[in-house]
Structures are given as structure tokens and as C-alpha cells.
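There is one chain below, alone, in C-alpha cells, taken in the form predicted on its own.
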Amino acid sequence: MSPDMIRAAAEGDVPEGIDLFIPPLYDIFWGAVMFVALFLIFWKYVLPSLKTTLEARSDGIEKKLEQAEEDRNEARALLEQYREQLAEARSEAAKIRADAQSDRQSILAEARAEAQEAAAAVTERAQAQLAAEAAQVRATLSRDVGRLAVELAEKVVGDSLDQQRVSGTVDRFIADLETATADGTTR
């Protein structure tokens, strides 16, 4: 209970009904004066600093939004640059793979050609060696057959024979034999 109501109650002037909720005029006056004083103080001192603070905060938020927009644009540019570099790297990798594949094919072809040349050279040397050995065997065989034939003929005749004549006869016989053998193998 307020002191005014206690004083009014003591004086016997106690409000009743709706008057209980209506304050006295002096309360309304001083309340209005205090409200105006507080409103002026708030208007004069608090509101400008509050307004300055809000403006500063608004400016800060706008700057941060602008910075965020710049960062986002920069990030997009970097992302685009990254994608371009990635595409270039992939293209270059594909080109390097294609070049390597081409190099591998050419190296393989060269190696294959070298191997074929080496094999042909080895085969040619082997055939030459075989031909030389065959000629040597043929000569040795011809000489041995001729000698054996002369010895056999000398034993049959019982006299020595002319070596040149016998050698020519043996050579013709061996040549005829080789011709007959070659014809027999080709048939």
C-alpha cells in the first residue's frame, strides 16, 4: 500500500470502486514530468549513442556482407581456375598417355624389327656355316670315296691306276649321285 493511500486511509478519505484504480492528479502530474524528463534524457543522450552503436553495427554487418560477397566471388574465381587447371592437367595427362602409348608402340616395333634382323642374321650365319660344313663334308666324303674306289679298283685290277683319270671319274660319279639324290628329294 502506498503512503498516499495510508494517509488517505488515516484521514478517512478512502477511495472506493473504480476510484481505487485511478491515481490522484498530483501522481499523474509528477509521473508525466518524470516521464518527459526520462524521455528527454533518453532522447538527448541514450538514443544518439544507441543510434551510433546501431549504425556502427549495421556498417560492420554491411562490410562483413560485402567482404563475404567478395570472398565468395574470389572463391568462385578460384574454383573456376582450379577446374580449368584440372581440365588442362587431365588433357595434358591424356596427351602424355597417348605419347607414351605411341612411344611404346614405336619402341616395340623397333625391338621387333631388331629381333627379326638379329634372327635373320643368326639364321643366315647358321645356314652359311651349315653350307660350309656340308661342302667340307662333301669334299671329305668325295676324297674318301675316291680313295676307297681307287684302292678297290687297284685291288680288282691288280695294278695302280692313273690318279687324275680316276679322280675325274669319281668326281663325275659323285656329281651324278648328287644330282640323282637332288631329283629324288624334289619329287
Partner chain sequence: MFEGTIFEFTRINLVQVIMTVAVAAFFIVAFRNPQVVPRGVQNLGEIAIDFVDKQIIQSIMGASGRKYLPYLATLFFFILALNMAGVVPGLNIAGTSIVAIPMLLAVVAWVTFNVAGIRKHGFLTYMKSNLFPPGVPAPIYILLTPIEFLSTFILRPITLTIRLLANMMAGHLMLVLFFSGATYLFLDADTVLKPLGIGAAAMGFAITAFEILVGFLQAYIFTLLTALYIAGAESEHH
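Numbering follows the first chain given and starts at 1. Predicted model, so just to flag it, every value in this text is computed and none were measured. The term rigid core refers to the maximal set of C-alpha atoms that superpose within 1.5 Å between the two forms.
Not pictured, yet referred to below: the form predicted in complex with its partner chain.
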Interface segment, criterion being heavy atoms within 4.5 Å of its partner chain in the model of the complex, picked from 66-74, 44-52, 149-157, 131-139: 44-52
Should residue 38 be classed as touching its partner chain in the model of the complex when contacts are defined as heavy atoms within 4.5 Å? yes
Looking in the model of the complex, any heavy atom of residue 145 within 4.5 Å of its partner chain? no
Is it the case that residue 22, even though its partner is missing from this view, gets within 4.5 Å of its partner chain in the model of the complex, heavy atoms only? yes
Can you check whether residue 120 is within 4.5 Å of its partner chain in the model of the complex, heavy atom basis? no
Pick out the residues of 80-106 whose heavy atoms come within 4.5 Å of its partner chain in the model of the complex. none
Relative to the superposed rigid core, does residue 118 relocate between the shown form and the other one - that is, does its Cα move 2 Å or more? no
